[in-house]
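To begin, one chain is listed below as structure tokens, in the form predicted alone.
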Amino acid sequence: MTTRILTGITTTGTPHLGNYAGAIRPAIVASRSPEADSFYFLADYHALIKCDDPARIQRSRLEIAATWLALGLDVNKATFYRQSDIPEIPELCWLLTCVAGKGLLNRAHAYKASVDKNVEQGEDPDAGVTMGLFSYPVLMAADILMFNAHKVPVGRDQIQHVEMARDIGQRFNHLFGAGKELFTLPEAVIEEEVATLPGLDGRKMSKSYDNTIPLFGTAKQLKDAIARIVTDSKLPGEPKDADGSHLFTLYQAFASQAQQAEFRAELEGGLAWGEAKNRLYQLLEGELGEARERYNALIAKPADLEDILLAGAAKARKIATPFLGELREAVGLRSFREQVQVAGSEKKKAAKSARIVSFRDDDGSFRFRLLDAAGEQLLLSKAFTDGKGAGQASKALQSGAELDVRVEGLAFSVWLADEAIGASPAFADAAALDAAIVRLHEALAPQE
């Protein structure tokens, strides 16, 4: 069974070595599994909550996209896109907002932390709190539920948001599912074995501590950063404590078992810290050197990155567009052609009429049927690769233009611009065929 995995990367900074070891590398490895259907996206709407510097957000989007691709993400296997290129996500966010309880959002950790800080400082509890911050969990729920992700790899600080996505999805299913599970309820995945790298000073590697090692700086920048790693004062020739050294911890995250064993033995045998740092530099340069070249090539051609991300968005929207249509139908945002209800205490049954019904085939293609007033199928469209093409053909048929109907045995086909757009079933005899063609013209005649 294929498992759909979804991960978002907030576009507010430049990735560093800790991001690579802790999130990017394991995600790319996971995407190569034949059992995984991976969705990775740039969470640029989320970035607006945290950052009001447009230049920083734009640069971060570019750098993060280039980083994932340079490190080996295969966009033919994974779906890689920008959140802001999927208009269905903010629309779904609103549908979910309408069922999300304010009490639930009041309990979100980020919002509570802001309120607590304000109270401690004697401020109004909601001072500086935007609706973006308050509604952050709903947007994250939309990201996850839009693609019915089964598993969402997150840090421990994000577990609550996945649980809230479950709560909101479950509430929506209860209200509008009519017995059907519209949303798959996601599961948070905590990867305990994923490395949390120490920074230059031994604390967790983080931009907020200013202790990071650049992922794709120049070779000189990498070497200079490694040279600043804090070590103890033991001299060359004195045994070093490998397990107590965060330099060794960094080395372990990228070395093979044999390399780790050799490096440990050398440290315990008195290897000088300067030489140990050089060994770490050589290891990281071997790991990142070729990827750095790919990264710089991608950064130099942003138009190519744009094309890759737009292709990923188109791939994602093949799922999002029809699914949102199903959700709109579920909440009552329906076409008047499909159902008419008369307001008032007395409801009248709408007169049946010919109608077009769109659907998605088992192979993922988009089709529509033209049914007459009795519900009999008059026409089945050809397969379209996307919903937009099917919709355009459907509208063209209903435009009132003269129909090009071609009889073929006891069936007929309808043509638009020298292309067969759909075909009828085979009828019992010529009389039934003729009657069906009459109903076809009546069904597609302009309404007065």
Ligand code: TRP
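Position 1 is the first residue in the sequence shown; the rest follow in order. Just so we're clear, the structure is a prediction, and the values are computed from it rather than from any experiment.
Here the subject shifts to the form predicted in complex with this ligand, a form of this protein not shown in this document.
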query: Heavy atom of each of Thr7, Phe41 and Val154 within 4.5 Å of this ligand in the predicted complex; finding: yes
query: is_contact(Lys50, this ligand) in the predicted complex, heavy atom dist at most 4.5 Å; finding: yes
query: Interface membership of Ser135, this ligand in the predicted complex, 4.5 Å heavy atom rule; finding: no
query: Contact flag, Arg61 vs this ligand in the predicted complex, heavy atom cut 4.5 Å; finding: no
query: 4.5 angstroms heavy atom contact with this ligand in the predicted complex for Met140; finding: yes
query: In the predicted complex, the one of Gln158, Ser358, Asn173, Thr79 near this ligand [non-hydrogen atom within 4.5 angstroms]; finding: Gln158
query: Proximity to this ligand in the predicted complex (heavy atom, within 4.5 Å), stretch among 98-106, 122-130, 69-77, 144-152; finding: 144-152
